[in-house]
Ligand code: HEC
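Below you'll find only one chain, the form predicted on its own, shown as structure tokens.
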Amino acid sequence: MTEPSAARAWAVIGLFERPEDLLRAAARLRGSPLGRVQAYTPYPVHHLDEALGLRRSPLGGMVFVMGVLGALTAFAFQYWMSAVDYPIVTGGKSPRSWQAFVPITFEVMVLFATLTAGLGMLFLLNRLPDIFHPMLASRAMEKITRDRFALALESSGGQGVDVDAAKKVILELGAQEVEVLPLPAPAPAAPLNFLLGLGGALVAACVLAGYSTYWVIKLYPELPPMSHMERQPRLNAQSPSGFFKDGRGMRPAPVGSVARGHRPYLIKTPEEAARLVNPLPRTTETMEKGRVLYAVYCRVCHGFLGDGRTTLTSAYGAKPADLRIKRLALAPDGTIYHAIMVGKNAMPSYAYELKEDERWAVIHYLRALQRAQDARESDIP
């Protein structure tokens, strides 16, 4: 094809029918003093970067570094949340069990690597978007995006390409067609009206997308295969289930499991319990707490003064113990604690009604009732 010649142009483009012809031409034209050598292809051509003499792309290194950074970031966040800020034992495993962190670590690594590959390629390496690139105005671009392969001598430094010399070299390399792109006029600055219109269009698009999403969700709240979490198939606590052999939906706790925040009581005899020491200080606050708890749980049977004078009727049948007798007054705190934990005669265990510090507070108050039976002058403040 013939083109109007000019002394200088932005680029001279040669079109080739086969990638092999492009590779041979690029290798021979590499390092040409006529201008920057660039290739345009409809799909990736192997070894084209070597033929053009391009340096190895830094994209792989960028992706590797950001992938490692993403993995370390995800692992550190999970470790801090699970092992430091809010440690929870799940399935009997340590909060520091790193195996549970692997899926999220992998996903965030892929996220960081993918974003780096896409954004780094577009904005850092290819310097896109470039809506004013001169190649977009060429007639060759229509053929390049289909099945032709282009090799171009482009202007470097704004000086332009010697059209005659460039056309001669490209035709000698076997180009089927040649096109000359003139030096483009400087891209004008975007007018204010254009920028305002573009901003208004973006705002309108966001509002329309949000409004449309709202009404789609409102009119079609559930679309297969999506379903709301509150309506997902689940097994409620205490409900029967045909899935398990025993027919119960709630599974029994594993043997040896301990409720979080509760230490198991392993003492079997009062003699072993006698070695326990009351850990609470004998303060006014402790005494008041013990007095309130004694009134709630103990007074109904053991009486106001702990003398065994119950407030129940004769229908009760049992004979509550007098807690002021000498044997109990001389008994260690651990012995009384053991009776609260496992029960004594007709008295049931109060292990589930009273917390550990509440049991010791009741014992402190009981000691005050016992001492009141045999008070000394030195006890008067």
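Everything quoted here is computed from the prediction, not taken from an experiment. Note that residue numbering follows the sequence shown and begins at 1.
The same protein also has a form predicted together with heme C (HEC), omitted here; what follows describes it.
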| Taking heavy atoms only, is Tyr352 within 4.5 angstroms of heme C (HEC) in the predicted bound form? | no
| message | Within 4.5 Å, heavy atoms only: does Ala318 come near heme C (HEC) in the predicted bound form? | response | yes
| query | Is Pro348 one of the residues lying within 4.5 Å of heme C (HEC) in the predicted bound form, judged by heavy atom distances? | reply | yes
| query | Does any heavy atom of Val37 come within 4.5 Å of a heavy atom of heme C (HEC) in the predicted bound form? | reply | no
| task | Please name which of the stretches 291 to 299, 86 to 94, 235 to 243, 102 to 110 has residues with heavy atoms lying within 4.5 Å of heme C (HEC) in the predicted bound form. | result | 291 to 299
| message | Each of Ile336, Ile340 and Lys344 within 4.5 Å of heme C (HEC) in the predicted bound form, by any heavy atom, yes or no? | response | yes
| note | Note: exactly one of Arg30, His47, Arg56, Arg327 sits with a heavy atom within 4.5 Å of heme C (HEC) in the predicted bound form, namely Arg327
| query | Of these, Leu23, Leu15, Ala11, Val362, which has a heavy atom no more than 4.5 Å from heme C (HEC) in the predicted bound form? | reply | Val362
